[in-house]
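Just the one chain here, laid out as structure tokens, in the form predicted on its own.
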Amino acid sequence: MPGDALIVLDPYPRPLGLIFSPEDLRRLEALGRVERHEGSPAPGDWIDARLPEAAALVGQTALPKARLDKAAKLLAVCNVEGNFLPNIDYEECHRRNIPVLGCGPAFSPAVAEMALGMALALARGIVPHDAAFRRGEETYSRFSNDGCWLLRGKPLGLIGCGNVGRALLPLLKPFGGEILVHDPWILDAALRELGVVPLGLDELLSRARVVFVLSAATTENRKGLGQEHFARMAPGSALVLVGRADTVDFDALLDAAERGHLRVAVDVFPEEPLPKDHRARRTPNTILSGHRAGGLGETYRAIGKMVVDDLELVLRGQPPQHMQRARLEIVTKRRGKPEKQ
């Protein structure tokens, strides 16, 4: 198969030059015949003309059963956006043993580092002190640290322990406190093997000094964290939201920050771009970041490398090893939205 395979590239909203280094693009082209469409989603007739010979499809192309019926040679679908979108018949792909692969693992190290940085900034008051300094209202030494605290030795909580959670764990363990995890998709025994303490949601919220909200949006957790949950957290605790905004009641979260009950860092929002007059822009005790935790050049190039590495394996008849395979029991409950370019 290698050398003869047709690889169809429909990567929008990712430009090819963003995700593939010149070296990785050469590696991809060495695997077979590459046909590409860039700058917009590929037209339906362009895709349909190539599906009968396609061995791999790289992109977020819609693949209902009627299209899959035309794709008798299809061996893999490589999503290069990050979200498993509801435009694919995942059950039919599963039945045909066509892996639908996601690039989430490429983003995880960058998101984990950002989450830790946000937690440190909240605990140590870095952002408000910088603002006060620029206004000429700074204080010095111990007087500048009222209400600040160390992460060292504190219990730290993760809601969700998927790709980002597992990248975050080795960054948190050196602080020496308990790491508490709530993830209903992972067995408690498996979590204990990671060196963490599995807990129910309410207990985690009441015990953790920092809560990292890392979970993906599903049909079961829409606005799952609300006022009653934030009230369980100790006054002055920190919450870092880098998963999906739909997993929290966003207004209730801002209420908790505005009251001074929580310190909150947010990288994802219910609406992006956030409206200019949105109350979040005026809410104290918050750090706001425009969905940038994972969007580094190194991250995007990691996507391209993962795609080529796994296609090399798939075209040799071996299972992929780097990208994340869509699990049918999970992906059918996700509420992924296409990313804006």
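Since we're looking at a predicted model, the values are computed, not measured. Sequential numbering from 1, following the sequence displayed.
Although not depicted, the form predicted together with a further copy of the same chain is the subject of the following passage.
Trainee: Please name which of the stretches 241-249, 225-233, 80-88, 146-154 has residues with heavy atoms lying within 4.5 Å of a further copy of the same chain in the predicted complex.
Mentor: Of the stretches listed, the one contacting the partner is 146-154.
Trainee: Check, residue by residue, if 257, 261 and 304 all come within 4.5 Å of a further copy of the same chain in the predicted complex, counting heavy atoms only.
Mentor: No, none of 257, 261 and 304 comes within 4.5 Å of a further copy of the same chain in the predicted complex.
Trainee: Since only the chain is shown here, I'm wondering whether residue 179 would be in contact with a further copy of the same chain in the predicted complex (any heavy atom pair within 4.5 Å).
Mentor: Looking in the predicted complex, residue contacts with a further copy of the same chain do not include residue 179, since no heavy atom lies within 4.5 Å.
Trainee: Taking a further copy of the same chain as it sits in the predicted complex, is residue 52 in contact with it (heavy atom to heavy atom, 4.5 Å or less)?
Mentor: No, residue 52 is distant from the partner.
Trainee: Consider residue 206 of the chain shown here, and say whether it contacts a further copy of the same chain in the predicted complex, taking contact as heavy atoms within 4.5 Å.
Mentor: Looking in the predicted complex, residue contacts with a further copy of the same chain do not include residue 206, since no heavy atom lies within 4.5 Å.
Trainee: Though only this chain appears here, would residue 200 touch a further copy of the same chain in the predicted complex if you measure heavy atom gaps against 4.5 Å?
Mentor: It does not: once a further copy of the same chain is placed as it appears in the predicted complex, residue 200 has no heavy atom within 4.5 Å of it.
Trainee: Between 108-129 and a further copy of the same chain in the predicted complex, list the residues on our side with a heavy atom within 4.5 Å.
Mentor: Residues within 4.5 Å: 109, 110, 113, 114, 116, 117, 118, 120, 124, 125, 126, 127, 129.
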